[in-house]
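There is one chain below, alone, in structure tokens, taken in the form predicted on its own.
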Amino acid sequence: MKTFTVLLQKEFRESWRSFKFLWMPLLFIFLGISDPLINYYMEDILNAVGNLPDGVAVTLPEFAPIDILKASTGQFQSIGLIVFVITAAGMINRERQSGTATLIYVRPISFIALFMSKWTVASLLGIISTIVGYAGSMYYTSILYGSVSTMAFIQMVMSYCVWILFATSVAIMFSAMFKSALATTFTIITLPIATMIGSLIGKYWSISPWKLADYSVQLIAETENIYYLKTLLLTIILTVLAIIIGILFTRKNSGTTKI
């Protein structure tokens, strides 16, 4: 436990020095507030800079609060997720390649503590960014489009945080398995790109971690989804599995550290 605490403090110091806990939440806040504001003022924006021909009128659809929250989730799932997993995908292999991990591996450390310290910091970063991002989105959505059930909103955010934990586990698992370039490539293919593919042809499978973000938003509508709990359970199981595999590869690849 003492080793974990020391390594955790080290990870927090490094994250603090790189301002991750500042710019990542700011990115999610920007993504979260952009949709309600842009959609609400889109007609004014088009009238001001659209340079539309005379007589041409643009009629925008009426958005409900769930439509705006779904759009914000889409922003998190594309830009936000890519930036976040790229950050997490280099947490272990970057230290191996730079040789700084040598200073850690020469000591009798626990590889479980090493992996979990990085996982804890990355997960906390992702969860904080998600909460403040959704808070920004909900703030402007409630002002401009109307409010939603507080309990349903909390359930939605918590469900999305489970997806973030899964994404964090997969990203750090690849970081333990491969070098930086390969880890980043596999992480982007497995998470953001697979999410996009799932949104296009995902109707052929209903239970998948990549569906959890969509199912989370549907909680706002308070409609019954028979696949939600199964998807949530599968995501948690795969998260634990990714953590176990990541710990095993952290130990196995410790010998590849550059000296």
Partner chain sequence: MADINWALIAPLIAIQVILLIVALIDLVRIHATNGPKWVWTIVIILGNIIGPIIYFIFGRKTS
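Here the structure is a predicted model, which is why all the values come from computation and not from measurement. Numbering follows the first chain given and starts at 1.
What follows is about the form predicted in complex with the partner chain, which we do not show.
- Here the chain stands alone, but in the model of the complex its contact with the partner chain, taken as any heavy atom within 4.5 Å, falls in 80-88 among 108-116, 121-129, 152-160, 80-88.
- Candidate site formed by Trp23, Arg94 and Leu144: every one of these residues places a non-hydrogen atom within 4.5 angstroms of the partner chain in the model of the complex.
- This chain lacks the partner; the member of Leu219, Leu27, Leu212, Ile66 within 4.5 angstroms of the partner chain in the model of the complex by a non-hydrogen atom is Leu27.
- Proximity to the partner chain in the model of the complex, taken as a non-hydrogen atom within 4.5 angstroms, holds for one residue of Phe76, Phe186, Tyr140, Phe166, which is Tyr140.
- Under a 4.5 angstroms non-hydrogen atom cutoff, the partner chain in the model of the complex has Arg17 among its neighbouring residues.
- The partner chain in the model of the complex is approached by Ile33, whose closest heavy atom lies within 4.5 angstroms of it.
- At a distance threshold of 4.5 angstroms between non-hydrogen atoms, Leu46 is out of contact with the partner chain in the model of the complex.
- For Tyr41, a non-hydrogen atom is located within 4.5 Å of the partner chain in the model of the complex, even though that partner is not displayed.
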